[in-house]
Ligand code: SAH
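A single chain, nothing else alongside it, follows as structure tokens in the form predicted on its own.
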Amino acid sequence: MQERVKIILKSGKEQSLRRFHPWVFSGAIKKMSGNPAEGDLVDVYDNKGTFLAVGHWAPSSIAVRVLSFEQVIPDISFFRDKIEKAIIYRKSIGLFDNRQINVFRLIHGEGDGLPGLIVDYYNGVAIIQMHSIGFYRIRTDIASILSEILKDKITAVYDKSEGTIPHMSGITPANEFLIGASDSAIVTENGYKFKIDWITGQKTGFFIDQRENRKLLETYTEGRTVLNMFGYTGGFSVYAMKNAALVHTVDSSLPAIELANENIRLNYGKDKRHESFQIDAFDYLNHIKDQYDLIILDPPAFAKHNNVLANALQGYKRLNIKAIEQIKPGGIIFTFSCSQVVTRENFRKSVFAAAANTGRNVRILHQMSQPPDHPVNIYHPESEYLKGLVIYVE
């Protein structure tokens, strides 16, 4: 086997690795023993030559994504063991053989010790997204491992990495089935039915991470008029429809609106309480004064990098100002950020600034995050990317 490239860190830059943080930033590197290709396995050492970690190399700000803090060989058996542990964890929290839920995250990157790898499970179909060349190189092995471990619980494995592989890599992946084939599926989440289109849908096809927050929403919708902004496939709308007097779904994407309407029909047939609108969110929010007494704000990530963080925080502030200004007195807002670079504290400050700007009295009812199938590595706080607040507006 070819000897792995050694990366030596600058003095003092090893502390985060000693605290088991799974990233090595490019600015922490003092020198390298060779010129690794993107996706190569590399060994990381401190300035005194002590081994620290092994991981995948990338010529980017996150230079190494750590796979192990032990001096091991990350071969196929290594990855099989990691994947098996991720599956055992999902079984332990009751997500397999669950009549109420057959859609969940199977592998969550750093949260499962596999940084750069995402796998979502949709009623027998596994959708893989690689965020690193290291995993992309072994994608067929990953698919085989999933099929081997899950046996008859897997009918197809789809690689949807076309939009997630780093652009600088020089690789131009095409989305494709690695095992089997299926263009869509009907899944069950907390007893509700959803049609999933992973081929044309955002991310892997459905925002699985909002499962528990949708369930919480359901408890607040009795007799209310509900507005679901950035509604996408209508996840929050389906839950709201159980008890609400009226539900409106808004999204700028026509395919999203069409799928949201289909999901409403799957669960409620032709129910006149629901209506959808294809329109820009801010344009719609400008003209709804006192029309709704529950509003959901679940926008796409406003910031994917720290260099646009300030603009993102202003965006969250503007959006929440609009909703707080327009909602009926005694109204409730479910507001979210899925931007990894926006911390829980940053997001809360943005909502605070929005409330202060309106002058209305606002109380926090709940603070929300992602469900346990999107585990947060305690050594990697960045893996807690989903932040949310439920606020009461007088």
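The first residue of the shown sequence is 1; numbering continues from there. Please read these numbers as outputs of a predicted model, since none were measured by experiment.
As for the form predicted together with this ligand, it is not shown, yet the points below apply to it.
S.K.: Name the stretch, out of 127 to 135, 73 to 81, 87 to 95, 209 to 217, where some heavy atom lies within 4.5 Å of this ligand in the predicted bound form.
M.R.: Within 4.5 Å of the partner lies stretch 209 to 217.
S.K.: Counting non-hydrogen atoms within 4.5 angstroms of this ligand in the predicted bound form, say which of Gly223, Gly163, Pro300, Gly170 makes the cut.
M.R.: Only one listed residue qualifies here, and that residue is Pro300.
S.K.: Using a 4.5 Å heavy atom cut-off, which residue among Glu176, Glu262, Asp183, Asp280 comes into contact with this ligand in the predicted bound form?
M.R.: Of the candidates Glu176, Glu262, Asp183, Asp280, Asp280 is the one lying within 4.5 Å of this ligand in the predicted bound form.
S.K.: Given that this ligand is not shown alongside this chain, does Asp251 nevertheless sit within 4.5 Å of it in the predicted bound form, heavy atom to heavy atom?
M.R.: Output for Asp251 is yes: heavy atoms within 4.5 Å of this ligand.
S.K.: Determine whether any heavy atom of Gly113 comes within 4.5 Å of a heavy atom of this ligand in the predicted bound form, and answer yes or no.
M.R.: Outside the cut-off, so no.
S.K.: I'd like to know whether Tyr268 contacts this ligand in the predicted bound form, with contact meaning heavy atoms within 4.5 angstroms.
M.R.: Taking the distances in the predicted bound form, the answer for Tyr268 is no, it never comes within 4.5 Å of this ligand.
S.K.: Closest heavy atom of Phe236 to this ligand in the predicted bound form, within 4.5 Å or not?
M.R.: Although this ligand is absent here, Phe236 would touch it in the predicted bound form, with heavy atoms inside 4.5 Å.
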